[in-house]
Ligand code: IMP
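Encoded as structure tokens, the following chain is the form predicted alone, with no partner shown.
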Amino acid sequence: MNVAVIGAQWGDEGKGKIVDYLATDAQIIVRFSGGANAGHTIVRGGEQFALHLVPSGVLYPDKRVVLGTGMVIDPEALFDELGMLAERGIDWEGRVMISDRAHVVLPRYRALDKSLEAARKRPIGTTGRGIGVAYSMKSSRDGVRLADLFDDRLLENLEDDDRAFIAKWRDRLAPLAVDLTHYLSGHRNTYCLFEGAQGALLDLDTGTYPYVSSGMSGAGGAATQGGIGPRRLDKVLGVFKAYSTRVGNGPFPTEFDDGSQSALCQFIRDTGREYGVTTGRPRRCGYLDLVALRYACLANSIDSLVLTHLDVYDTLDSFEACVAYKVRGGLVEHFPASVRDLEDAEPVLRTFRGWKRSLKDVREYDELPREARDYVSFIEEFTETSIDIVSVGYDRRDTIVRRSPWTRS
């Protein structure tokens, strides 16, 4: 059975924790998109791990993890991360593989990424790690794949610095290379998780273009870039937070006002630890945008939702969520493609009562306060999508499962 886990907002929704939790029942975890610009935080028994390239399931000693075809991989960052895991007692050798069709991030891509960003009249807010350049090289057919590292005729066409970099890493990369489609075809009866990076609203095609990632962060990427065909994807889970965040530039209709809502923004940011795993920069925070969430469900055929960070609201008397927009005087109930419309949008808000108690130790859905369950029910009705998992903390144990994703619909 193949299950994809994607972000249903602008990334940073808690996918890493959810993949780590669901990996208990999976045998193979494939990350299908992104590069070292992504960051997943996992807490295991109070110990925190920050992962950027390696799929979240690596912390389990009996799981195999694959960096998929849609990823762009910086070898130096990868082996730094694998070294960190080894130092902390995670034996990864023999369990970490890389699709031989995945592309490589070369050092000069980082400098080019930064110069392109500096020259933009409308900066995107990239991490400067060469990810966008790698995807551009891929699209222009000038990229270098893992399989190409062993083609001496192809390497002759590269710059001297590129060849020197590849020579440094290819012998270490060679044992990890795998034909992903062939590999997964031999594991058809295996429980396999497909882990996305960023979020659906940052997808190159369906997100808030041009303020998007360079890769496929939506559900379609799980099949296209995960080594399987679309008809072999059994279920799509969309992960979202009880509120919204965004990193970098781009429209954010429900963002808290810097003036009147600055205290609320700082409370959410500090309570939810809303600082980038990769960059450390504070995330922009705002109300839950249900219009955007409903769009993400429709655009990605999301079968069920995973609600995270519900506990961040534990101490509030009330909170709000966006149910529509006002755009230049008119009511808009769908998620516009126009960046200008999104930038001009004012959220139409609905107020919800808080529950004023800690959810930290709740493990059964019926044990949640009525106010929390009312919030969950409203989201389900608005998006027409069930919420099957609720997270009330960072640890694996802080998870309420209403319906297992490994249950076929």
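The shown structure was predicted, so the numbers you read here are calculated from the model rather than taken from an experiment. Numbering starts at 1 and follows the sequence shown.
Another form exists, predicted in complex with inosinic acid (IMP); not displayed. Remarks below refer to it.
In summary, the region of this chain contacting inosinic acid (IMP) in the model of the complex, judged by heavy atoms within 4.5 Å and restricted to 136-144, 314-322, 194-202, 263-271, corresponds to 194-202. Interface residue among V54, I29, A38, A345, judged by heavy atoms within 4.5 Å of inosinic acid (IMP) in the model of the complex: A38.
Taking a 4.5 Å heavy atom cutoff to inosinic acid (IMP) in the model of the complex, the contact residue among T206, T127, T254, S304 is T127. Of the heavy atoms in V212, some are within 4.5 Å of inosinic acid (IMP) in the model of the complex.
Though the partner is left out of this view, N249 does reach within 4.5 Å of inosinic acid (IMP) in the model of the complex, counting heavy atoms only.
Taking the partner from the other structure, inosinic acid (IMP) in the model of the complex has no heavy atom within 4.5 Å of any heavy atom of H187. Contact between G11 and inosinic acid (IMP) in the model of the complex is found at the 4.5 Å heavy atom cutoff. Taking a 4.5 Å heavy atom cutoff to inosinic acid (IMP) in the model of the complex, none of the residues in 58-96 make contact.
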